[in-house]
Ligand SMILES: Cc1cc2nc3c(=O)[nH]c(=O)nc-3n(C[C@H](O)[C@H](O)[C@H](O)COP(=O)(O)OP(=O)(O)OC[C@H]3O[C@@H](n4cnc5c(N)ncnc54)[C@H](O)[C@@H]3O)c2cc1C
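Let's start with one chain on its own, the form predicted alone, as structure tokens.
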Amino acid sequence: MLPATTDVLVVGAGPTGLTVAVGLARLGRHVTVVDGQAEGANTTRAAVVHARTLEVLEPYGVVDALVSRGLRATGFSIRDRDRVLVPVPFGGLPTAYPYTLMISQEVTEAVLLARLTELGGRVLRPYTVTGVEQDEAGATVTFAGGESVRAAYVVGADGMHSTVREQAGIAFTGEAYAESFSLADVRLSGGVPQDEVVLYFSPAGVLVVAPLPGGSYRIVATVPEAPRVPDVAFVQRLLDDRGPEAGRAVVREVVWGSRFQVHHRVADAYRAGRILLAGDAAHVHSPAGGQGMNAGITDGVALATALDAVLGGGSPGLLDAYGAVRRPVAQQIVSLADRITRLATVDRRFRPARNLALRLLAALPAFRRQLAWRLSGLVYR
């Protein structure tokens, strides 16, 4: 059952909310996590954990479990069919994690939840927030069943359509892309690297192929109208039209699939009194670069540190500092994802010129190094 009071109420039990909760629980704070979905109802869109994210999670006691269950992709490349336009190796990065860890969001959440449970915490489901009222001393959150919780602070980690953000009256500025995205986890053979994430800029459109643990691959593509559930024939056409040609990749099975519309938006503020935002409630963007879940987790680490300090008697201005640091990072990530997405979906007439420009830039070691630093998140240290 819901407690009557808590230090921090976290709304949303995705990677961001769980990160905030683990961060506070390990520091001895009373944290309550609620989620509107029933157990196991989450999809698994995110599949990448970058080097900087693993670095900030080191004190949480979850990195070994994540690394042991993930697949290490040692590079990233942009290609036009079989031609490599931009190679981005991660091996030379100054970090203990010189790779991109490919791991499903479902597993990442399971590892974080297991750690929260070890620390005496748990997620209460399903509880749907209907209202948040705050005063100088705290905030009262009410739920669809009539229950309420009094908290010193409320964290909105409840996604793009955040009820907490709406209750706080914080605008979510941005827009949506015209094209839809198709996503599928598949089993395939031949054609694609087993240790590298590839972004294909083909004349037919953009395609991402990323290896996952267990031999499957994550496929993401922009299409005018994505099917609700992509089948083998649909994914095979994407690979045939946009992927490798010299060695054909053959789809054997679609394990899971979905479609989604992509927005690029950033909240106008990360704090409104006793209410704070993190993750997709604060920023959303294209999956290009695989930054979404990583930005949310790093938000969560920073927010947990700030909340602990304030609960311990520190200045509430530390919570404003959280937003002052993290919001510009989100703006940079949104800008990068937007540039990559617009490059990938440029008009067919201009794609040869785009590819030539990318090859010329890729000849510069400084360009490849900067891209590796930005994709890995190390640029935000």
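Keep in mind that this is a model prediction, so the values were computed, not measured. The first residue of the sequence shown is number 1, and the count goes up from there.
Same protein, other form: the form predicted together with the named molecule, not shown, and the subject of what follows.
One residue of Val155, Leu303, Val209, Met293 in contact with the named molecule, assessed in the predicted complex (non-hydrogen atom, 4.5 angstroms): After the contact test, the surviving option is Met293.
Tyr177, Phe172, Phe234, Phe260 - the one with a heavy atom within 4.5 Å of the named molecule in the predicted complex: Contact check passes for Phe260.
Answer range among 275 to 283, 241 to 249, 193 to 201, 93 to 101 for contact with the named molecule, defined in the predicted complex as heavy atoms within 4.5 Å: Among the listed stretches, the partner-contacting one is 275 to 283.
Partner contact for Gly23 in the predicted complex: the named molecule, 4.5 angstroms, heavy atom: Gly23: no, not in contact with the named molecule in the predicted complex.
Pro287, heavy atom within 4.5 angstroms of the named molecule in the predicted complex: It does: once the named molecule is placed as it appears in the predicted complex, Pro287 has a heavy atom within 4.5 Å of it.
Thr163 within 4.5 Å of the named molecule in the predicted complex, heavy atoms: It does: once the named molecule is placed as it appears in the predicted complex, Thr163 has a heavy atom within 4.5 Å of it.
Exercise: Arg218 in contact with the named molecule in the predicted complex, heavy atom 4.5 Å: Yes, contact at 4.5 Å.
Contact at Gly17, Gln37 and Arg45 by the named molecule in the predicted complex, all three, heavy atom at most 4.5 Å: Yes, because Gly17, Gln37 and Arg45 each have a heavy atom that approaches the named molecule to within 4.5 Å in the predicted complex.
Within 4.5 Å of the named molecule in the predicted complex: residues from 165 to 187 (heavy atom criterion): Result: Leu183 alone.
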